[in-house]
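Only one chain comes next, encoded as structure tokens, the form predicted on its own.
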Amino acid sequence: MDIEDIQIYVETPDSPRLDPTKQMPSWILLITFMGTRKLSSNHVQYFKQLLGSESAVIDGVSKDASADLEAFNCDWLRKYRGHTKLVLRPKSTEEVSKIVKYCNDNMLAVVPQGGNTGLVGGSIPVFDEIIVSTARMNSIRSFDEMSGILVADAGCILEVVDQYLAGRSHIFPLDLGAKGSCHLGGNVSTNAGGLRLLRYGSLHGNVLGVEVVVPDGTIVDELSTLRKNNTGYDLKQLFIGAEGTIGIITGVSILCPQRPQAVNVAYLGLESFGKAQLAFREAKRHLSEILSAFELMDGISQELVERVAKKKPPLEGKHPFYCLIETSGSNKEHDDEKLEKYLEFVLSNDIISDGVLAQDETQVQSLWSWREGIPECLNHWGGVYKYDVSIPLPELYQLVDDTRERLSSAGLIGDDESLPVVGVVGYGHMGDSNLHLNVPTRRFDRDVEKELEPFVYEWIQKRNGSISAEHGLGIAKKPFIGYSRSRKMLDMMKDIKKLYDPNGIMNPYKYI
């Protein structure tokens, strides 16, 4: 979809409000005017003096820096594009504090940005807001091997941290496909879920403390390293999943479990989603404490990975559904025995049609690539409409079938190059009832969007699901938050935003 196709509705203090619980055109971009000011060369000069290093400021105000700014202005999906002319790359929390205080005093809007791997436009400026990048804040501050508690800067890359922990027999309780570039601060700010949530739980439970710079520049140091602390409100939870709208996370304290000594991965083929549910139920019964992941992929997703990556499938023949199971524990002999009994049971009871068990680390990584490689392969044709949702497990895949039928009835899907939609794909974290509904397209198209939105959100609302399971709201889902939250909840969220950010400078035009 081109920018000229988007209807922009600008909310001002005097304008009537759009009701997010009502149906709205899918191409509306709802913008609340914050009254922030425009950047000047004097502002840029202040930041250059503050940060000192030439590499800490990317200045597109006094000169043309379009090439250098491109990576910050465009998201990973290349669906959202901002127009920032200034990127600030502080090295310390104190520098972030001074930046934010100056911006608040001068009514300059800012957008916190980590690895910029988000899927809903949350880290992209809508207009020309200043980007505050955490890329240079990448130090591991401390790690206690006795308790497993890590304290690190927000700009630390997830994979780097996990490798650091691996050398100390621990593991980070989060694993994502974007682990090679995403930042811890961004993970916490979006409450990223990922592949290990079934075993280790969400970041709401694993994060023990945060260090945050709030919009007036105050540094809120709540980097607790205690697992139990019931003294008053647990305010850190406000910043987990807040997408940088009420403060910039600069440091994180997080509980990291012992690294498993034995990891097994099995890849299964199944005849139906009903059989996949049975396989999951039996996995919980047979594998219980060692079950660390149960991923669902439909046959279409695996055929697309095969076609794009040109890989040989792990199983002979085609199957309508596939599941990837991972177990992790401390005793390989014990884990192997449990997994073998599970596989014997599901095969002998015709729950699965076929399966393969990884024999070494190379095969483990190879099997995981059939799940983790899906998002990148879906981008092969040009664009993807992505919906990260939670639905009660019995109806998890029905949304995919209904969406595919809707697009087919509208004549928008097929192998013909003139049609915009390549297919409709469903995959995700079955253990968490988290579905990734993806619609790969040859081009973004208004007719496709009209069929998808608000249909997808209305479908989810009827089943009391969530329109955002783990990717956040950003720009993409802000107009639709009413499908998952009541008017009272929305009012309370807005009250919190006004309390912490009365000038509206912090990641404006997003979230609520």
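Think of the rigid core as the biggest set of C-alphas that the two forms share within 1.5 Å after superposition. The first residue of the sequence shown is number 1, and the count goes up from there. Computed from a prediction, not measured in an experiment: that's the story for all the values here.
Missing here is the form predicted together with another copy of the chain; even so, the following discussion is about that form.
- Task: Heavy atoms, 4.5 Å, another copy of the chain in the predicted bound form: which of 57-65, 442-450, 473-481, 41-49 makes the cut? Say which one.
- Result: Contact-bearing stretch, as computed: 473-481.
- Given another copy of the chain in the predicted bound form, answer whether the residues Phe239, Leu278 and Ile391 all have a heavy atom inside 4.5 Å of it. Result yes, every residue of the spot touches another copy of the chain.
- Do Gly232 and another copy of the chain come within 4.5 Å of each other in the predicted bound form, heavy atoms counted? So Gly232 counts as contacting another copy of the chain.
- Item | Contact of Ile157 with another copy of the chain in the predicted bound form (heavy atom, 4.5 Å) | Heavy-atom contact with another copy of the chain at 4.5 Å: absent for Ile157.
- Within a 4.5 Å heavy atom cut-off, is Leu378 in contact with another copy of the chain in the predicted bound form? Contact with another copy of the chain, no.
- Query: Hey, in the predicted bound form, does Thr225 get a heavy atom within 4.5 angstroms of another copy of the chain?
  - Reply: Yes, Thr225 sits close enough to another copy of the chain in the predicted bound form that at least one of its heavy atoms falls within 4.5 Å.
- Task: Identify, from the list Thr327, Asn116, Asn434, Asn438, the residue with a heavy atom within 4.5 Å of another copy of the chain in the predicted bound form.
- Result: Selected option: Asn434.
- Item | Residue among His319, Arg89, Arg199, Lys179 with a heavy atom within 4.5 Å of another copy of the chain in the predicted bound form | Selected option: Arg199.
- Item | Heavy atom contacts to another copy of the chain in the predicted bound form at 4.5 Å, residues of 139-155 in sequence order | Heavy-atom contacts within 4.5 Å come from Asp144, Glu145, Met146, Ser147, Gly148.
- Query: Does superposing the core leave Ile351 with a CA shift of 2 Å or more between this form and the one not shown?
  - Reply: Result for Ile351: yes, a 2 Å-plus shift.
- Spell out whether the Cα of His429 moves at least 2 Å between this form and the one not shown when the two forms are superposed on their rigid core. Stays below the 2 Å threshold, so no.
- Task: Tell me, please, whether between this form and the one not shown the C-alpha of Arg371 is shifted by 2 Å or more, with the rigid core used for superposition.
- Result: Indeed, Arg371 is displaced by 2 Å or more.
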